[in-house]
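Here we start with a single chain on its own, the form predicted on its own, put down as structure tokens.
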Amino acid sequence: MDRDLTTRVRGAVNFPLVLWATALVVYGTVMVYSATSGMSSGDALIRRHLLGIGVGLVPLVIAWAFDYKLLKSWSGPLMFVLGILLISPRIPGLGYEAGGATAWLQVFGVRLFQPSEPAKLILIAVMASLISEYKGHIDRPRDVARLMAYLGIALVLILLQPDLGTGLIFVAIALGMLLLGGLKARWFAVFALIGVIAIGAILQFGLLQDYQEDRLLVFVDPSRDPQGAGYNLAQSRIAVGSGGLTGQGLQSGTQSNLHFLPERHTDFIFAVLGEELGFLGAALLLGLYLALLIAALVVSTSSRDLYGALIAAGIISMWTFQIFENVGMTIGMMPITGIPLPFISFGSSAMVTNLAAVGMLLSVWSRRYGT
């Protein structure tokens, strides 16, 4: 009996996935503690971070226990919920503006959570349901148009906040899932062309907010406006470069402790890590991410159906894009968009979403034999 129970547990738990996710959560907690140690609200922030981890374990367990296949027939209701989530910050009295975007919900002045975070997982479930209908062959224009319409609805709603960073994550999720779902290569070339035209039109007609346009211009010319829009990037690169091989030690980074580095516990926490733990600390983090993504890829390839494989692919795409964008923006290789670093940046909404994503992967894994 004990042997049977052990076998069942081993079959239900993807131990590498749990191990690497746990390691990243611990690593992130250490870095948030170090980054906030010199702040007047540091104690409150670390408590909120730990609370986010505790709360995130609830959707992780629920998603793990829930049969992911049941979501396949709920694409309509889920899309409705996604729309409500993304519209809710625009409702007078409910939205809270931060960083130029009205992306938070608040009640009686208390900031609750960022609706765009759970919306990412809902979009994954919806797109997986739609894409799986085509059984690995997507080529007809009307089929592509249908899929793009669902993505387009989500994009329009998120850009109304306006939250360009999350919009880019939505696009990355969809493209990664379409790649696995069998979209023909010529359509990716079409999307690339449309993307270039759209970017040109956005810049030409001034559709971006001033701060968003400044960030793009700084990406093109890092020396532009060093005391204004280019300040964040300049300080971040100084912090990363000053870390050397082994770093200056936890809580000993000069750029962060002397308050030169802005948003050091959220958007630019990788710069804090690079300064305090150096190249070796950054390499360890990237190694943990690689291990996590490989474990998620194993879940995708072992899925008993295309729907489960697509869910895993969506989560992989979400994490991969966020990692590349966040790390890239701190060293000037990507535009600054305010995208958090998964499991590492401070932010309860993002932490809860990432832990729920782990639960969804475990749901796919534990049912790979049809149980």
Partner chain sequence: MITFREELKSRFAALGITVLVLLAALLVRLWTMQVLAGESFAAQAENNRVRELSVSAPRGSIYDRDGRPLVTNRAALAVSIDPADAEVRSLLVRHQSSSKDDDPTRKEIQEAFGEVATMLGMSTQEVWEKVSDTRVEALRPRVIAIDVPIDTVSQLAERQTEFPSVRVDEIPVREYPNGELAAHVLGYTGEISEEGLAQADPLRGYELGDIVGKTGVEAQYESVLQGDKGWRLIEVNASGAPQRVVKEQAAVPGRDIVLTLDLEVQQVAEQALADAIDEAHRQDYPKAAAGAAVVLDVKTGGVVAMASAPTFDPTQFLGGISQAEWDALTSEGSEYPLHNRAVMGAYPAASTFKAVSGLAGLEYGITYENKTYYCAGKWTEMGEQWPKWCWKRSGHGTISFRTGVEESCDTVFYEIGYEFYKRRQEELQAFSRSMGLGAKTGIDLPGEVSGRIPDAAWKEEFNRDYPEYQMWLPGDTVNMVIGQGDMLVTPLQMAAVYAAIGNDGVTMQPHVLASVMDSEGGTARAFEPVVIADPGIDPANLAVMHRALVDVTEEGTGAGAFRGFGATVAGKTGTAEVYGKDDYAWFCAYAPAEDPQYAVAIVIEQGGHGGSTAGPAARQILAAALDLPVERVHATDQSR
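Residue numbers count along the first chain shown, from 1. What you see is a predicted model; the values in this text were computed from it and never measured.
Another form, the form predicted in complex with the partner chain, is not on view; read the next lines as being about it.
A.B. asks: With the partner left out here, check for me: in the predicted complex, does some heavy atom of G181 sit within 4.5 Å of the partner chain?
C.D. replies: Yes, G181 sits close enough to the partner chain in the predicted complex that at least one of its heavy atoms falls within 4.5 Å.
A.B. asks: Closest heavy atom of I323 to the partner chain in the predicted complex, within 4.5 Å or not?
C.D. replies: Yes - in the predicted complex, heavy atoms of I323 and the partner chain come within 4.5 Å of each other.
A.B. asks: In the predicted complex, is there a heavy atom of the partner chain that lies within 4.5 Å of any heavy atom of M333, even though the partner is absent here?
C.D. replies: Yes, M333 lies within 4.5 Å of the partner chain in the predicted complex.
A.B. asks: Classify S302 as contacting or not contacting the partner chain in the predicted complex by the rule of any non-hydrogen atom within 4.5 angstroms, answering yes or no.
C.D. replies: Judged by the heavy-atom cut-off of 4.5 Å, S302 is in contact with the partner chain in the predicted complex.
A.B. asks: Let me test this: is every residue among I238, F260 and A282 within 4.5 Å of the partner chain in the predicted complex, going by heavy atom positions?
C.D. replies: Per the other structure, all of I238, F260 and A282 touch the partner chain.
A.B. asks: Tell me the stretch among 289 to 297, 155 to 163, 81 to 89, 190 to 198 that has any heavy atom within 4.5 angstroms of the partner chain in the predicted complex.
C.D. replies: The contacting stretch here is 289 to 297.
A.B. asks: Of these, L306, I339, A63, L45, which has a heavy atom no more than 4.5 Å from the partner chain in the predicted complex?
C.D. replies: Flagged contact: L306.
A.B. asks: For the stretch 309 to 328, which residues lie within 4.5 Å of the partner chain in the predicted complex by non-hydrogen atom distance?
C.D. replies: Residues within 4.5 Å: A309, A313, I316, S317, T320, I323, F324, V327, G328.
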